[in-house]
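One chain follows as structure tokens, the form predicted on its own.
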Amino acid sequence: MTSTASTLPSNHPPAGIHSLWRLRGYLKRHIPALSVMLGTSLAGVGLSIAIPLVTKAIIDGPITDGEIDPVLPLGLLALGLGILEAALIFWRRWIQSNAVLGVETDIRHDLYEHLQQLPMAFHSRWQSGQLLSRVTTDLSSIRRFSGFGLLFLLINITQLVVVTGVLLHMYWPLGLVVAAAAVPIIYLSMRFEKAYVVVSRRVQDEQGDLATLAEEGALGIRVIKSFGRSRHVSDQYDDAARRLYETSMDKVRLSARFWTFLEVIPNLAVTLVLLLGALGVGRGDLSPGTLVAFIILMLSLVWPIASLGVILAMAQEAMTASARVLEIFDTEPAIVSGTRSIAEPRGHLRFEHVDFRFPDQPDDELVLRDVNLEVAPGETVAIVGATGSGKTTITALVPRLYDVSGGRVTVDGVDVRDLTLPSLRTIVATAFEEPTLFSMSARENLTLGRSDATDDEVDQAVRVAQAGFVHDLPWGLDTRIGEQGMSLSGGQRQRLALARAVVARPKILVLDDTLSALDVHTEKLVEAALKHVLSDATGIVVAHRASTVMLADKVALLQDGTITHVGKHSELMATVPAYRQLLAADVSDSDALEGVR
């Protein structure tokens, strides 16, 4: 259950502004709102400059001249500008919240949709915690920067440039002091960016590792408790949490040093301005009103400079987050939907010289080789083979959870790769050996493959799968099943998964050792009911027990990745020693079946 950020399935691209730039399409969808945000913000900058200039006019005009009458209108003008600035800030934040949340929602939707399109090979390589971290934490980092950091980065830079220009125009010696203060800030920012991007990526990767451990600990709680390994798992989690803590503290120390310098430099600049400004007023080089306005304007630069550290830190987090999110977006779906559909599918299934290897495996490491099998509509074939022979892999090729490496799989003569994925997966339904149930009601789990199923169809599927226990749950079919169905036994989960496949009314029904967790009595009842269902569908049954073979019209023996024999059970028992040996553990059932076949 241990995992580290160094074991990620792909190389990390360097984070940079290009990562955010590649997500610009999401910002384009909200251009009107973003334009209003930028416009109101720039107008606010203009007002923040205008108010000190009005103050200068009051001091150098009516106050210096001893005239009281002009003070009131100028004071009201300053008050009106302040109220207008506050109104613009309110308007900007209201629009900003809607636009930014819309951007995050769009990215989140597209990212989840893209994850659903990626093949099983991708999901088998990636840690679920790393994916979860990207969908939650990383998208929040992008939202924070796009909604706050990016806007204020533009505003603050604009304010720094414009105000510095105004200060140089008002009194150039003091303006040079302010401009000179920007040099060490730019230098420190560049140093900070290089170091921060590395530590920020480490924090985000370690957050993903920690999420993986937390998820595995929750899902595997029964195994952990049964082996008494709670302390061991807790120690692993503590170690990962400690690594994250230490890396986060490195990040905090780096940020603290940077922000400290950003606080010191503006304060030193203010001190110099006060000193030189006082000397200038004393020599008559500038008026008192000019000095007051100069100081007010300069103080207005303290926040843009001091916030630069926060914004740069936020930008670096968003850049590394964007790079992590783009690792997923850049992964092209290996299984692409075709364009054809079958108007009235019959379920005639054929494997024609099929080869298969898992992605990233050498060409000579074939899991399946030259597999040939034909299953006529309404016919059921049982696939029998030793553990690891490739039985489950064969069943995964039918709904295109994986694609063949050679040859082809056809349904009614059409290559499954030419069919649209929705069309194919309407024709094919699978009940897996390890059933997956979702944190939703029993009814929603049952109708997952066909949302328009009627209550009668659901009840019939429940009877076929001998899953009548659902009616005894506290709220019947409306009872919410816990995550992964952990509140149910293994047999109950298998029966619900089987009922779900039956509800879908497929033309091809794949049963991947679906009855393995059932007791003998329940298994016989399920098999008797399934015979009726399979009479109307093409069936593929992965069988480990001789009793399961009763469901099939014929048996395919899979050895070393290829089908070596196809025939009736009795024929294979009489002529194929390897087949007899596989079923030797269930001799009593085998003897009974010989009389049947």
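Please read all numbers here as calculations on a predicted model, not as lab measurements. Start at 1 with the first residue shown and count on from there.
Another form, the form predicted in complex with a small molecule, is not on view; read the next lines as being about it.
A single residue from the set 127, 156, 393, 133 has any heavy atom within 4.5 angstroms of the small molecule in the predicted bound form; that residue is 393. Taking a 4.5 Å heavy atom cutoff to the small molecule in the predicted bound form, the contact residue among 259, 237, 358, 432 is 358. When contacts are judged by a 4.5 Å heavy atom cut-off, residue 74 does not count as touching the small molecule in the predicted bound form. The small molecule is not shown here, but in the predicted bound form it comes within 4.5 Å of a heavy atom of residue 544. Although the partner is absent here, residue 388 lies within 4.5 Å of the small molecule in the predicted bound form, judged by heavy atoms.
Interface residue remark: residue 115 is not counted as part of the site for the small molecule in the predicted bound form, having no heavy atom within 4.5 Å. In summary, the region of this chain contacting the small molecule in the predicted bound form, judged by heavy atoms within 4.5 Å and restricted to 379-387, 279-287, 138-146, 239-247, corresponds to 379-387.
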